[in-house]
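Take a look at this single chain in structure tokens; it is the form predicted alone.
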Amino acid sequence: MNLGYYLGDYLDTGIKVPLEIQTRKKISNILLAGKSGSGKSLSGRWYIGDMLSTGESLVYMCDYKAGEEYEAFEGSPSYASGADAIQMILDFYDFFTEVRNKKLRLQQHYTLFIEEMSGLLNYAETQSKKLKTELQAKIGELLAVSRGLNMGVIVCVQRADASLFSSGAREQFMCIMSFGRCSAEQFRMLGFSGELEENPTVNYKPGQALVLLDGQEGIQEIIVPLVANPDVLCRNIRYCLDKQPDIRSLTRAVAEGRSKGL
């Protein structure tokens, strides 16, 4: 997956040098953080399009805020908005549980994409504290274990507060990205350190981000460029989402021993 282009090269020369990662069993858990207007959601859409178009992963989207960035996907069985986003997480977890119990080696990679997790958890808490705790525990388990099963989780939040995650779950992200202005507090929450530590309040423009990757020294600065034809991108994503098997049918297939090709 292409995370974007190195910011210095892009601004100095216009040359697009990509920063690429491999989600399959390597960097499968990704945290996208940034306040409203930082370009986080548009970048997330770009990443989804990249994974689907290359066949790198199937994606199941949970979009509690029902943002306009994803409205083109309403009605797809691979997309859930509002309160339905909770059920998508539970369904993905059921699939994960069946795969783990059957000790399968999945051929295809599967990604759970959670947009605005803080809002979703706040809503869950209004329904019951038990539901919020259950969601945090299941997301935490997915973050801790799913990589070995050829699955992954991408989480979008405005602030990466520890209170959003079950114990230790925030440490399971192999790729951490901060879009827009990164305050000193956010800088520490995300686990950044190194050459930018003394000046973490750089005011990056929308679509510009700090990136911390497992296995790489230091922090990278990148830019996710604006998509020239967003309607085309959305149509391509929707086409791919509609072709995917719905998550419940995948769970049934595994439970019934019909896992060939998964």
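Heads up: residue numbers just count along the shown sequence, starting at 1. Bear in mind the structure is a predicted one, so any value in this text is a computation, not a measurement.
From this point on, the text means the form predicted together with a small molecule, which you will not see here.
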Worksheet entry | Among the candidates T54, Q216, N236, S36, the residue which, in the predicted bound form, approaches the small molecule to within 4.5 Å (heavy atoms) | S36
Discussion item. Let me test this: is every residue among H109, L149 and C240 within 4.5 Å of the small molecule in the predicted bound form, going by heavy atom positions?
Written reply: no
Worksheet item: in the predicted bound form, does S41 have a heavy atom within 4.5 Å of the small molecule?
Response: yes
Fill in: Contact flag, L226 vs the small molecule in the predicted bound form, heavy atom cut 4.5 Å
yes
Item to complete: Considering only heavy atoms, tell me if Q158 and the small molecule come within 4.5 Å of each other in the predicted bound form.
Response: yes
Worksheet item: Is there a heavy atom of P206 no more than 4.5 Å from a heavy atom of the small molecule in the predicted bound form?
Response: yes
